[in-house]
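Alright, two takes on the same chain below, each alone as structure tokens: structure 1 and structure 2.
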Structure 1
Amino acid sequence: MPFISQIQRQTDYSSFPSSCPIVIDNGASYFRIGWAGETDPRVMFRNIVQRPRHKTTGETVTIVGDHDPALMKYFDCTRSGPRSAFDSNVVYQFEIMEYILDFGFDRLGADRSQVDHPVLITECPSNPIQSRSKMAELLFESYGVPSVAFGVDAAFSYKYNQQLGFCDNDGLAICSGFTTSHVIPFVDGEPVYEACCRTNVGGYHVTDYLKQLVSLKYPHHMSRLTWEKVEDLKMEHCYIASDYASEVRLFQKGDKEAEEKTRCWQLPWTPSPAEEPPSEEIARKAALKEKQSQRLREMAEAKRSSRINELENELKGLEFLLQQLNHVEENDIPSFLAESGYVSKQGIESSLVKVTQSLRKAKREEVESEEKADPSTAEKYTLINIPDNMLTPEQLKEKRKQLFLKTTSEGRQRAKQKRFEEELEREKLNKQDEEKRLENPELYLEELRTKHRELSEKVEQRKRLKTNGGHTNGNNVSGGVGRGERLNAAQKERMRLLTTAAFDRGKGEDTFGIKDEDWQLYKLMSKDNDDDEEGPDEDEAELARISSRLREIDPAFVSKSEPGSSASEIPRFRPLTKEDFQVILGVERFRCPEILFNPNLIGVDQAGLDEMTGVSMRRLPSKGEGLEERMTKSILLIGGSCHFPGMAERLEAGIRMIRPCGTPIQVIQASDPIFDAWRGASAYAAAMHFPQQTFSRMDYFEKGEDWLRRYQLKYTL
């Protein structure tokens, strides 16, 4: 049953005499109001209030109940969520209660100067007096109600079903509501409040549990999982397993039965447009890249040829100069040389050699001088072998220079050798990779993809930690230290160090820094942050390598290189399929209502429904003979949360476990678990002796709070 609301303004308010009471079922989920004696409430709506701002006029308005989302778009609802007057099952926010009552009375058709009818309103069992008195005050003062009566909704429901014959004078009412669940025993038709039992788990908690579980399992669909939608899902698909352990084992085994019990919710999804555009794009991009590289190559070629031309010109000039030198006479050499700018003939020759070398390099010929260096080193290092004491100082200097040259050239050779070996290694690995790929392309691709994913996650996580740590590093004073930093062990250690360092120095002068150990602290503190930086570099290099590889071989790969991408995106390693948009409810179907029987699952340390019946019967003050047997024979299920299929059987099994063997147990669901409370209250209010059960404004002021505390309705009239 999805949300129902009936808010048509009633027009026959004036046709009811002043003595006809108004009956209100004030529940944490729904508010129902109507006239006594009728079978159905006239007006009902969800018991929530929203106060959004109207977008254009800017005024804050009040909207009661759940409304059409199409109309809500005119309002700015960001700062106003739905608010309830209830805290657990007790009314505490009377301003909201007043809005709700306003709306209720208004839709019932009230139009005179005050609400001139007695009012019967429901409350929770053992309602605190404050709540009760404030409610009475509200009704008396603001609405001018002549007399008020308070009753427990479960009791009204029970009496109504008793009249219908579903249960007897002595029985047990198990009422599972929106925020709480109660077990109330009835003896001689009256509820025994001393033996009543309440657990703070209700339909709201079941829905919340389901919502959390599904959001955690499918974080990308979180936006679609609104509370209302999850409530719908719960009402449609959840059931109570007769035995949780065996049911779960079915699912664990993966039986066909388990498959049948799994429900799949398909979200609306449009398949992405087919592969033509991507491949076209890819081809286009490839062509662009080709053109760019072509252009670059041409530019490089042009530069190189121009450089070669320059060098050749220079070479020609130098040769010409040499020739001229040969032709010039001996005396004119210095002046001629001074003109050309070279110091001596050797200078010209050496620059000639240099230019030829660079020309040859530009033409990519083997540079002979390098090879020449090797045999020449043997000659150049002649001095090394001669021991020191036989050399003159200049020769010693020479020797040192030669030593230095030798070691560096040897080092260079070694490095070249190592590079060569590494190249070979990499070639070998690549070949192996290729072989693996050729033999099993799919598997290889998958492996690569998973590796990429793991690495990228690791890198991202470390980056996240780093930025968190970075924030504390920069901004200790601003107080923006969040949970992310505190939970890391390294950061905790750092904080500890900081606090002890700051604390030890105490009053007086600051003696920090005198001892050497103090500076060790700085090293430790800063090391924590440096440590993180070396690790990921290799990971990142690996990641880059794998992504480039994937890009080559996998046409559908899109590298996730943005650091800011959150986990809420679907990892796009393959084109999105229909399955990505399915929400599968398997174990959750019966795991969520299980909390009604086992509140430990959500951390509420109280007894579940079946245990509560035992507790309640134990608490009975006076046990006549056979009373308990009579009670177990008429157990009634009331409340919205008892609509789960399988609840009656489970309760029966549970109660059988705690009662002596062979006791008759009968668990019946009320004729209409949701509306029976209102119907019972309406029948009660229509009875003749009802006015004696109410109290008027005079009573309220004269008799005081103590009397109000002890005020209880007598349910058998």
Structure 2
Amino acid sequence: MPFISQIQRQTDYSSFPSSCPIVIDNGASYFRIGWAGETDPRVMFRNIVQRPRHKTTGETVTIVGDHDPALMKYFDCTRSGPRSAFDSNVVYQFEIMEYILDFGFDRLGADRSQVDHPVLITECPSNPIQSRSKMAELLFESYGVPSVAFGVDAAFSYKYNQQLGFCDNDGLAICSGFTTSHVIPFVDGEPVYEACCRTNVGGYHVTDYLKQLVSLKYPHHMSRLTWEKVEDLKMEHCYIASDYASEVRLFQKGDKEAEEKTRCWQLPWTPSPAEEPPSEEIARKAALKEKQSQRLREMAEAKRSSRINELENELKGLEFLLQQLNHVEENDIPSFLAESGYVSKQGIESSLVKVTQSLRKAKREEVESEEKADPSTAEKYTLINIPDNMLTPEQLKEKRKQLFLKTTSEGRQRAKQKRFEEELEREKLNKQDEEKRLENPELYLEELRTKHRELSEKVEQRKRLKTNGGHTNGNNVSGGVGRGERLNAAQKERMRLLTTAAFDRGKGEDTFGIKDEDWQLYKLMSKDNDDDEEGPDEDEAELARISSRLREIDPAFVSKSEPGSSASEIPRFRPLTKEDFQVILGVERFRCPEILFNPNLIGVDQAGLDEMTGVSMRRLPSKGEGLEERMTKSILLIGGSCHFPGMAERLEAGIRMIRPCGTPIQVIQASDPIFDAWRGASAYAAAMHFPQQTFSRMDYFEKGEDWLRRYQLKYTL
């Protein structure tokens, strides 16, 4: 079930005497604080701190524990994510720990600068002395606590369940926490930390593994797969498989039993309306579209008017320039043209013609054709027929420019004429095809299909020959050949000429190019004369034309061999359905918690929970008669990760495999694996002998923090 925080500020802080201890369960996941002797903590929240900036004021605020998503939209959280004071299960970020303690004491109702109550705070097994001393320094010097006691949360939970009759004096506490898992043996009611065993895998890793698997399976729903939601899915649907391999084989078969174990999480989904929108909505959209079109037309008209004004001003300037040029003397013409930016009078006239045509187009008037508008070739290219020795350097440049323009213009005219002739020929063929189709449609369609099939085979055969040559391996399949057998006729002729030239001229001095026939040979060897590379093949062009014709008259036609056609169809859009917003949990339900028993699934080379039990018992310094049997008869499961269904059965089966046959094994879950640690600590702090187990502020100032090395809490009072 999802965990709910309790952060309401308490108002009865002053009603408790200063001798009443404050109990703190400082877990890596949640922080719990309350009064000794009570059954439930007063304040609970997530053990994290976040310091975002306000988007408007830029002020940095501190948010401890859970936050309200509705309020976080006012803060910039991109540079400050949630931070924890823990590294694994050890506190090492004490500036963050101070924020958490401030918030915890404030929610408990402390309204003074100092906390005048003894404090019992939990820590991990075998906590490093540096972490314990820093925590004592923080509590004594920042909060003025009179005395402090440090105890292990798993030990408090075991002793609390021992009082309830769930476990014995000798036993094992298997604590699977948020970031780590521990196995702590108990002998005569006291934990034996020398035989303790730890694995750096816990509930955090199970949630993270589930989030990775589901995100890879449904990448388009990653924004919905938040950490809190995946945590809820883990607690609601995951379980421990009694036999992991057989469970995987069951889901591989995909039979009815696997379908029954599959769970579905339905995401929020709103079906698209099937009915047509009302007539008022259609009219409103049509009016909006017409308004937008009118605005675009007005913008285009304003742009056209501006263009017309620019062209008219430019035209007046060119006409004025020509008038001035007519009144300039012959000797001053070059300097006048240089100042105006033109080379000759013809350049000004050509610009005048172009501007006039552009102005007529802008005014949407008919524009004369190029043949009528442009002057004759002799008038336009006046310097072409004049010898070079009769021209000045500037006129030579102008002559070369006129030659280039003339050649380009003639090329365009030839290409235009060729396209016109091809279009006439295409129209003629289409007209003939249409006449044939009208005479006998069935026969015409069959002839087209036959011709398409023949051309397709011909084009494919040519491609195979070009790639693999003409050799086959006896099965009408082209075999692998060398480059020489893949060349066409033009390429083979070029290779022959190169070989001949190299053989004839390979000795002595290189004299290629002296004779005129050498350059003729060079032209023959040039790639430009390769007919195979000049353009598309005629068969391919005809195949494309027939394919296009078949697509028009035959709805069932599908072109497979047409050049440039893709083999895969473009996926068509389909409306989203309810199934597109479902997250299916199958093998993930038991694969993720399996890392508690096989940490190598996530790359952690450590022992699982069942193997840790055997390691812990082997580490015991002294083994009395029947001690191991008494310990296996009292195995207590503690921690949030022990809520998975099948945990006790799987642990019992795993421990039975490493113990001798007939060993009594009993695995029991704690009465409340999450809150028993705080309740056990609360009951311990309420005992009469608790003040004797504390480390006072006076001891801290007199003996120093090194004295904490010898500090050991006695759980049996």
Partner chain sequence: MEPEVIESEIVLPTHFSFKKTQMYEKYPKGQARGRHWKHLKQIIQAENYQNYPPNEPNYVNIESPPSMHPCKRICDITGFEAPYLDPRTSLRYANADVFKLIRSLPNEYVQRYLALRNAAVVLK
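The structure displayed is predicted, hence computed values, not measured ones. Only the largest set of C-alpha atoms that superpose within 1.5 Å between the two forms is called the rigid core. Each residue is numbered by where it sits in the sequence of structure 1, with counting from 1.
The form predicted alone appears here as structure 2; structure 1 is the other form of the chain.
After superposing the rigid core, the Cα of Asp12 is displaced by less than 2 Å between structures 1 and 2. For Asn598, a C-alpha deviation below 2 angstroms is recorded between structures 1 and 2 after rigid-core alignment.
Gln292 shows a C-alpha shift of 2 Å or greater between structures 1 and 2 [criterion: core-superposed Cα displacement of 2 Å]. Superposed on the core, the two forms differ at Ala302, whose C-alpha moves 29.3 Å between structures 1 and 2.
Aligning the rigid core between structures 1 and 2 leaves the CA of Glu705 offset by 4.0 Å.
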